[in-house]
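There is one chain below, alone, in structure tokens, taken in the form predicted on its own.
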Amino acid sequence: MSKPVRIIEKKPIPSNAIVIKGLPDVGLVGLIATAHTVSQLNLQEIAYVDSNLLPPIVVLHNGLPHSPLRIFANKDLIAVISEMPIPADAVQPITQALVDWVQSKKAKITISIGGMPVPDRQNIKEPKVFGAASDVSVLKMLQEKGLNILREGYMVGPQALVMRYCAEKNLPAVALLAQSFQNYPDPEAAAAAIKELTNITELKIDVSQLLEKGEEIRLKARDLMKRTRQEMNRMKKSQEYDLPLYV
């Protein structure tokens, strides 16, 4: 029986690399940030995800078909992006397959980038970025880097499962969550997340072009945000507003 999720490798995969994941979510923060990183660092496509759990969609770039869920890399960095929302029913098996694959490549650390919706986002000039970690040692590193720590709350969706599976496998992992609009593409929040990404790694990524093209990105990403919002509703994403009750 074939596996429900396959990662098809097209080129050699670097080991001991930093892995960033930017799947469509709140404000498309992770996707925008990761796509900008791929562009700025000129990462090359090395693999893609194939699964019958995904809709029968290809993305056309320069007239050629590509999987919407692709993996890019250079010798130090691996980036996972999806140009379509992951169906709610497919999030768990696809995320688990990606974490297993990352473990097989002996990645240095996995960093998931996403948004954290705030009701007064329009009044926030510089979004704050909060971090969570898979274990105590990684959490200490974030604190030493001066990152705001998300101490209480829920995480829902791909970032939540990445953290859960990495913690189960004792893999170092970080979630970077930028204050963002929930239902509108937020390139400014993506830029804030990239700045913290460069703070906790040795990556050098210029965000000036991302900020300059903010309005263009918002217009291009409207339809994707609409489809992503539908999947977020199926994932009960609104529960992230709640606080856990300890008894």
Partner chain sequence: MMSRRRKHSIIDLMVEYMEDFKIWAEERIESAIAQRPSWNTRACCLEPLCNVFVAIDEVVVTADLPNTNPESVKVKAASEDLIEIRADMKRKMRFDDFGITHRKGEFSSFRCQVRIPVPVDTKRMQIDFKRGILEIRLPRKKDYATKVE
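Because the structure is predicted, anything quoted here is derived from the model rather than measured. Residue numbers count along the first chain shown, from 1.
The following text describes the form predicted in complex with its partner chain, which does not appear among the structures shown.
Of the heavy atoms in residue 124, some are within 4.5 Å of its partner chain in the predicted bound form. At the 4.5 Å threshold, heavy atoms of residue 183 reach its partner chain in the predicted bound form.
Interface membership of residue 11, defined by any non-hydrogen atom within 4.5 Å of its partner chain in the predicted bound form, is ruled out.
Of the heavy atoms in residue 206, none are within 4.5 Å of its partner chain in the predicted bound form.
Residue heavy atoms within 4.5 Å of its partner chain in the predicted bound form occur in exactly one stretch of 34-42, 195-203, 48-56, 217-225, and that stretch is 217-225. Along 186-200, a non-hydrogen atom within 4.5 Å of its partner chain in the predicted bound form is carried only by 188.
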